[in-house]
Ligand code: 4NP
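Shown below, as structure tokens, is a lone chain in the form predicted on its own; questions about how it binds or moves come after it.
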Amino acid sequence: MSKLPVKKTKILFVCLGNICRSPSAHTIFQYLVDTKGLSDKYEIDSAGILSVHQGEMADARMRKHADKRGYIITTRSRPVDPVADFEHYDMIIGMDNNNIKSLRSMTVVDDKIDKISKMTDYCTLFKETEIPDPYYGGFEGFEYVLDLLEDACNGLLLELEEV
């Protein structure tokens, strides 16, 4: 008897340019599902509100800090496709309030708005309400963002696997 294919939960992480926060969330969440043997249950991607970095690798500083924690960020930036992404993904997770506002304004079909949530909604340790953009700050900002994303990604996986 053959096994039926598992319906994957499709998750899209979104930040402004898709070079710091969302590729990090993408990589951290992928790492978690891979190490827990859950890869066949999830499809994960990341995108940016803006297309200014389209095709570029993640910010070198973010890659360096992530690498120190064992996360290898290999994604390339792409913009959100309002039609295709809202149709394809089950969850679209923004990093801050501006991302959420932009995603809501991009939603071409009102019933798709329920797919949008904020990354910090899944934090279990930190009480932040947004994942701050580390782009213009120092190394501490990148480390803090990774701390927040590790917490939120763990919380997200716990919530998804509770069912």
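Please read these numbers as outputs of a predicted model, since none were measured by experiment. Residues carry their position along the shown sequence, with the first being 1.
Just so you know, the form predicted together with the ligand exists too; it's not on screen, but the next bit is about it.
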Subject >> Partner-facing stretch of 65-73, 33-41, 132-140, 113-121, counted where any non-hydrogen atom is within 4.5 angstroms of the ligand in the predicted complex >> reply: 132-140
Original post:
Is Leu16 a contact residue for the ligand in the predicted complex, using a 4.5 Å heavy atom cut-off?
Top reply: yes
Original post:
So in the predicted complex, does any heavy atom of Ala25 sit within 4.5 Å of the ligand?
Top reply: no
**OP:** Considering only heavy atoms, tell me if Ala152 and the ligand come within 4.5 Å of each other in the predicted complex.
**Re:** no
Original post:
How about Leu12: is it within 4.5 Å of the ligand in the predicted complex, going by heavy atoms?
Top reply: no
